[in-house]
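Two versions of one and the same chain are coming, encoded as structure tokens; call them structure 1 and structure 2.
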Structure 1
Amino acid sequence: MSDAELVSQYVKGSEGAFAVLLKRHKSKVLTTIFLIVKDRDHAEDLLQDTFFKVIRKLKAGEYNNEGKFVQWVCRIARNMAIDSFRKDKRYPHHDIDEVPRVFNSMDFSEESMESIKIKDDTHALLRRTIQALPEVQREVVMMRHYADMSFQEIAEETGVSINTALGRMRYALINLRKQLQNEHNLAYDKNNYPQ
């Protein structure tokens, strides 16, 4: 039975149809998440959250059946994993055993309020500028820089060739550079970021 038929049966009330979909696609979705968060337990938690979200969206009629159910689920999983990854980067978790190592670090020093404000403003500006990119470019930037994925992994996750993934990144960087120069009058070091 195809995914489309199973989705249709589930929407009509067949819980067993969803169980088949889950069994069929669980490992692919888990791999998608794991490539981003790189932690098995966390990936399994996000897998559960992903399928809860899929159920809610199916029941709300938010899935238009184009025969691409697994890609739709993987996109939901990828977005949730990227959001989780970004949140973890902003608010890192420290085990109680790690705390002494953090405080004994040579790098442990207070930043001035001014440098913290500048850094926060810069990050916020960059986030806004990235959000304004076309979706395919934004996706590759998020996967590469926030999720630390290789271009091979990005190509596999998005179902395109490596050259296409690289091209999307190139155009994303060109667009980011133009946007920052035009709207915010920010220059960049041409030695570090050649045209």
Structure 2
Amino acid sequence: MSDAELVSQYVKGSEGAFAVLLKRHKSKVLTTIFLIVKDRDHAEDLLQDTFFKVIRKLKAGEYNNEGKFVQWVCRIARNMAIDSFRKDKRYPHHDIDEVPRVFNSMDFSEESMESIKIKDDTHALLRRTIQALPEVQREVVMMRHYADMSFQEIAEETGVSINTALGRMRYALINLRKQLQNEHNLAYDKNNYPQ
């Protein structure tokens, strides 16, 4: 069933329809937020606040169903995360890094602890590398990968030409590759691990 159909059912009173929408998009929304804010608990607070706002807006008839649902939700999430990030810059709090999933017993049945650890480390590194990108490049990466937007849609949303949006993505990919390569070389530098 499409998102538009689920939204329509939810507005008419189907809680089950909302549960499907949430299950379908929770990860993309959390990833969008966690690429902006620093710690995992804070990202989850914002995920919760984002969906609370989505519920209120849907129930108030403030969603017109013209665009894609996930784009709309990710836009709300992104705005909330950016507001929060700016507030944190003014009133910095202690940065608690993400809680590794190895402590989440729900995951044990599906993956081994070692594979979870490797995946968590890789994701943490990639997340830090994305966070270090210039804001306009990070924005394009988030919109294209986690909000399911085309480059044309990104250009319209950000008020630039499609060539500018494409150029930003290109530099983002080049920068990410360079940074990840540097991390990799550092990790395997023989001077760090003398034989």
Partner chain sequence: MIKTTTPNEVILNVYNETSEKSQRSFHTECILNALLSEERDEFEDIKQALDQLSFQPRQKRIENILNYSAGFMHSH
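For numbering, take structure 1's sequence and count from 1. Whichever C-alpha set is largest while still superposing within 1.5 Å between the two forms counts as the rigid core. Everything numeric in this text was worked out from a predicted model, so none of it was measured.
Comparing the two isolated copies of the chain, the second one is the form predicted together with the partner chain. Annotation for L125: C-alpha shift of 2 angstroms or more between structure 1 and structure 2, rigid core superposed. Comparing the forms between structure 1 and structure 2, the C-alpha position of D49 differs by less than 2 angstroms, with the core used for superposition.
The Cα position of E139 changes by 7.5 Å between structure 1 and structure 2 once both are aligned on the rigid core.
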